[in-house]
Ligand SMILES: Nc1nc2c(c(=O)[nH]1)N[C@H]1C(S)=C(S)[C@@H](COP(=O)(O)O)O[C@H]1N2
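One chain is shown next in structure tokens, namely the form predicted alone.
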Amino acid sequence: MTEVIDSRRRKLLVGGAASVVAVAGAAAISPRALAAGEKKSFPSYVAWKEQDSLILHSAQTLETKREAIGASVITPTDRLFVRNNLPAPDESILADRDAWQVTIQGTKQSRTLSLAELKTLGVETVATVLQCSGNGRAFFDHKASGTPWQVGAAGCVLWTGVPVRKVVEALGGVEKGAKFMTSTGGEVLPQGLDPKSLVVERSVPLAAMENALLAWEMNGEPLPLAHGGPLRLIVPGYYGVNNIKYVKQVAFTERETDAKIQTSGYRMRPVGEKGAPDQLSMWEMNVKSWVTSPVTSAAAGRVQIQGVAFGGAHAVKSVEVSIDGGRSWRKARFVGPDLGQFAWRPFVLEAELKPGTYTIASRATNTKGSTQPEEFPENERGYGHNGWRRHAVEVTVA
């Protein structure tokens, strides 16, 4: 993995994501309707989701409710959030999954491979946290534009596929001079517009290839259309936008792509500034945790305070919980199996709580020694928030 360049600043930006979605015809859900509790029908491509566990922000954005995250290491597929920069392709692309093709360029023997051929080159399963760059956007004071995610634009998923390094080895290795892995999604682009202004094409440092996967299964089942099926690039430790859905091309390039989503989108920048290539890109994730239960109320007595924690690009090492708004901290205990460097760890702290109101917070530390800060600096697009204070919950005990 590449070295993290200031985990508090390195975030991605979907610059102009709102306009891209509008151009693509995504149906927005009225904030007034949401506030009034109006029930909205889920789009057909996600109609199979467990709707009571999700918040429907728009046709392209569904958030897992905090209390629905649960205490398991793996997030059930029907509860996992959805974030698409463009509408999903037609479901017909799943009719013959093995026929799907991806072009590999920038290797000694560049060629196009079918999914069936990829399956002959190797197979691995990896657990990773999948998280939108804007997860936590709702906690910024300046009300950044975009989906007001709280904590539910994240989940921990088991992916099965062929390691990209195995594909590269089969094709003779990467050409000299390559510095990035640049991948392109297979969404259908609207006619009459500059493709580079809309295409989902992202470049990540070449070192990310060592852990990357071309995945065709998710949580033991064929990859659903809503999550990038039939084939998706998975880049462990990196924000979701780099995990390209419907991947059609993986190229090893000397320079980053000139697609808008890379040059000015998903860039960490001060409030009021436009995105630019010299700003930090939303690549590696930072260390983060939050409480999932209780979230509003609990009965007096012994309470099991639960949550999830992950280390971003590094494994999570420990997590602490405070019941008094950060004045004091106690070490929590991890629950369940350790599924590796890129997975999250559910945690629990047993506490005897008397009647009253408690501000319950958590803060995680990873193996590199990075700990969640109390606050996270404002940035234009509301990316990368991992400040523990805003992620805390106020719980009434009776």
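Just so it is clear, the model here is predicted, and its values are computed rather than measured. Start at 1 with the first residue shown and count on from there.
As for the form predicted together with the named molecule, it is not shown, yet the points below apply to it.
Think of it this way: in the predicted complex, the named molecule has a heavy atom of just one of R83, R267, R137, H314 within 4.5 Å, and the residue is R83. The listed set V250, V204, I323, L130 contains one residue whose heavy atoms approach the named molecule in the predicted complex to within 4.5 Å, identified as L130. Residues placing heavy atoms within 4.5 Å of the named molecule in the predicted complex fall in a single listed stretch, namely 240 to 248, out of 240 to 248, 110 to 118, 293 to 301, 93 to 101. Interface membership of E175, defined by any non-hydrogen atom within 4.5 Å of the named molecule in the predicted complex, is ruled out. In the predicted complex, the named molecule sits within 4.5 Å of a heavy atom of A226. At a distance threshold of 4.5 angstroms between non-hydrogen atoms, E256 is out of contact with the named molecule in the predicted complex. At the 4.5 Å threshold, heavy atoms of G185 reach the named molecule in the predicted complex.
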